[in-house]
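The data below hold one chain only, encoded as structure tokens and taken in the form predicted alone.
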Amino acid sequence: MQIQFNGQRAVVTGAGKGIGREIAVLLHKCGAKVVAVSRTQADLDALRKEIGCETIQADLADASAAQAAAAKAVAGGPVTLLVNNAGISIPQSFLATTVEAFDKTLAVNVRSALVFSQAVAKALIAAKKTGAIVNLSSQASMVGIVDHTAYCASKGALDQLTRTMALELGPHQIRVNAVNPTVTLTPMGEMAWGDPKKSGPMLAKIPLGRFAYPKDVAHAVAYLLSEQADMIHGVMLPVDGGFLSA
């Protein structure tokens, strides 16, 4: 089985680093024309040099900037593949979680997915085209994690957004799924889990005995976007080494 996207335009948010960058590179290798969205222009420039992608610089914590970026992505040509990968984590305990951190986390992790999905879906429906959307969720949507109040809440909300999108966009033949990774060894993941005293207990709950790598998540995303997953719709796919089954 070989995944090919045959020149389809694929938008990847949060494509500058970590999982998003890995996804963008893999989709390019599979033949997609990647549109990379990121907050940091230097990251976009480096990615464009590597894979020749289109780039859009935007801070998705800002609603107006997110809407403008989504409109620009759609205006550039038909978008049949969308990966809502942009995400942040601001580790704070429940009692110490600030309103500012909570609002920013929800804005990036959930609202930006809403904004981009609306723009892409409306354009697909108007053009009577099919498409696929994958939202980057987390195992944190299904279990509570200490010091991750805002993050857990945002990923739970993203799962529910995914389910609702699947119900409403399915009749238009726009498939919507989510992937729910365990701790993934990106710069953000290493920041949050770099302390062995913290990572040790989490690793002990993963039957495979390791954290995920960005490529593990990218492969799952590419599969869910592909025609090989044509009958997979509205699922939350754990990429967690068995964490949720332990």
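Quick caveat: nothing in here was measured; it's all calculated off a predicted structure. Start at 1 with the first residue shown and count on from there.
One more form of this protein exists, namely the form predicted together with a small molecule; it is left out here, but the text below deals with it.
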Next on the checklist: At 4.5 Å between heavy atoms, is Ala36 in contact with the small molecule in the model of the complex?
Outcome noted: no
Item to check | Residue contact check: Thr40 to the small molecule in the model of the complex, 4.5 Å heavy atom | outcome: yes
Checklist entry - Taking heavy atoms and a 4.5 Å cut-off, does Ala121 contact the small molecule in the model of the complex? => result no
Item to check | Pro238 within 4.5 Å of the small molecule in the model of the complex, heavy atoms | outcome: no
Item to check | Residue (of Gly31, Pro207, Pro187, Gly200) lying close to the small molecule in the model of the complex, criterion heavy atoms within 4.5 Å | outcome: Pro187
Checklist outcome for this item: Within 4.5 Å of the small molecule in the model of the complex by heavy atoms, the stretch out of 70-78, 83-91, 161-169, 123-131 is 83-91
